[in-house]
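Consider the single chain below, provided in structure tokens and representing the form predicted alone.
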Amino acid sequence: MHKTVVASIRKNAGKTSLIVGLAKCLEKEFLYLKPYGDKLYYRKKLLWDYDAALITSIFDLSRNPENMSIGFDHSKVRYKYDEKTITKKISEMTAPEEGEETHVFIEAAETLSYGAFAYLDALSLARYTGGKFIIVTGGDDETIMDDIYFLKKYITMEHIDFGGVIINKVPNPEEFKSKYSEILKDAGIHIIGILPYVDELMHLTVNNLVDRLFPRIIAGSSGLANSIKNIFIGTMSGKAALQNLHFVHGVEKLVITTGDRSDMIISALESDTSCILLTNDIMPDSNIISKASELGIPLLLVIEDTYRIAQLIEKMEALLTRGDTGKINALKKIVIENVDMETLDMGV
């Protein structure tokens, strides 16, 4: 059985996106585990990890996301397990059921050390499973090189099948290689791939809003994969608002306003708008709903006020969703073109 353990030294390095890209390249069934859940996702009265739910949804995996994680809380995991029993539990989780394929992706929690108190840190997962251990790093040049040299100087890989490092979100990969290839070679850390920064992957989509805000979709459901590159909050006076909407014409934008601002909503529908988010639970006129449906521009309705919604959106990460077909295909292309698949021994 082939196992790949994907970890990162820092948060938001792109572990889940990498696994999606690798799995699309694999083009056969696989198992996925997120033993220590760190992105809580409440659905159907059950607590799942968001990444587990996402990958299950994208690839139509047969296992329930609830069974892909052991726990979400250090104290509860320690109360139920010690290191011996947690090792046994991981072994049971990675065993394929009848008819399942043999490749397993195991995603560690948000950082290299996260979960250590509960016996579920990244290095422990690599030792328990014997899987090929991959570390993802990203950021500016200095952050990437700091991570790699920290790894070399302080992290022991004893009893770990360490495959190497994948460097992610690099604005200019060729320039990076030219500048650091000899230094990386001297460091003795195998670089499995250098993946480019892709602007498309960094933007929120309307699907992200639907997943996080639970709005009522009153029109334009065909546009839920639309990308959001700018946010316009329509709380100003009518004339000033319309002038500003005209100023951001040509930008894929989210417009946040109330359903009684017909002038603003119509202007938004007539410009390059990805989505209109209506607050305070105020429905717009029926002719506006019809026009949004005709144009395929989502109208989302929430009960919260504009200020509260703007705060929530500001804190959102551009997480993948099942409907983000363009992003998913882009990840496959990036992985195929930039990752040394032979090192990963995935049988692609």
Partner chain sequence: MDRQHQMMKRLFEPRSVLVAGASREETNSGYKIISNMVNGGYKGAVYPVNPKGGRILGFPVYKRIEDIDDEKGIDLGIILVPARFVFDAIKSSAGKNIACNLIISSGFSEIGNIQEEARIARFARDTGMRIVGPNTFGIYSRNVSINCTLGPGEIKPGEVAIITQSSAIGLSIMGWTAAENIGLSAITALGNKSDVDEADLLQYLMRDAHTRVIFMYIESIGDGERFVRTLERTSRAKPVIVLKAGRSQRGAMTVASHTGVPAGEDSIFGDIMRQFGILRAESISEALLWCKFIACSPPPKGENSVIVTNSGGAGVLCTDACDEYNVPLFDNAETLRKVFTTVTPEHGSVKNPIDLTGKAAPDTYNEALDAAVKCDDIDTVIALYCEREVFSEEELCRMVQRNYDTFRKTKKVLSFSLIGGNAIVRCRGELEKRKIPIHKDIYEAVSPVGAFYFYNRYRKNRGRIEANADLDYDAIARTIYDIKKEKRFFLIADEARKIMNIAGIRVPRSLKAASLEHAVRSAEKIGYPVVMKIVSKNIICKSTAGGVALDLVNEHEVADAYEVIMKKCRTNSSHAVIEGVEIAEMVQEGIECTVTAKKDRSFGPVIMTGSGGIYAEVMKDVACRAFPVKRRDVLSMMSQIGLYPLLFGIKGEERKDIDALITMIIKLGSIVHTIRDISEIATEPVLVCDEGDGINVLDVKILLARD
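Predicted model only: the values in this text are computed from it and were never measured. Numbering follows the first chain given and starts at 1.
Note that the form predicted in complex with the partner chain isn't included here; everything after this is about it.
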* Asked: Of the listed stretches (22-30, 56-64, 287-295, 307-315), which one has a non-hydrogen atom within 4.5 Å of the partner chain in the model of the complex?
  -> 307-315
* **Contact residue in the model of the complex, chosen from 193, 71, 215, 163 - any heavy atom within 4.5 Å of the partner chain** => 71
* Structure fact -> Heavy atom within 4.5 Å of the partner chain in the model of the complex, from candidates 146, 260, 270, 175, belongs to 260
* To do: Spell it out for me: taking the partner chain in the model of the complex, does every residue among 88, 104 and 133 have a heavy atom no farther than 4.5 Å from it?
  => no
* Do residue 128 and the partner chain share at least one heavy atom pair within 4.5 Å in the model of the complex? -> no
* Asked: If you check in the model of the complex, is residue 114 within 4.5 Å of the partner chain, heavy atoms only?
  -> yes
* Give a yes or no for residue 179: in the model of the complex, does one of its heavy atoms lie within 4.5 Å of a heavy atom belonging to the partner chain? => no
* Can residue 154 be called a contact residue for the partner chain in the model of the complex at 4.5 Å between heavy atoms? -> no
* Counting only heavy atoms, which residues in 80-96 are within 4.5 Å of the partner chain in the model of the complex? -> 80
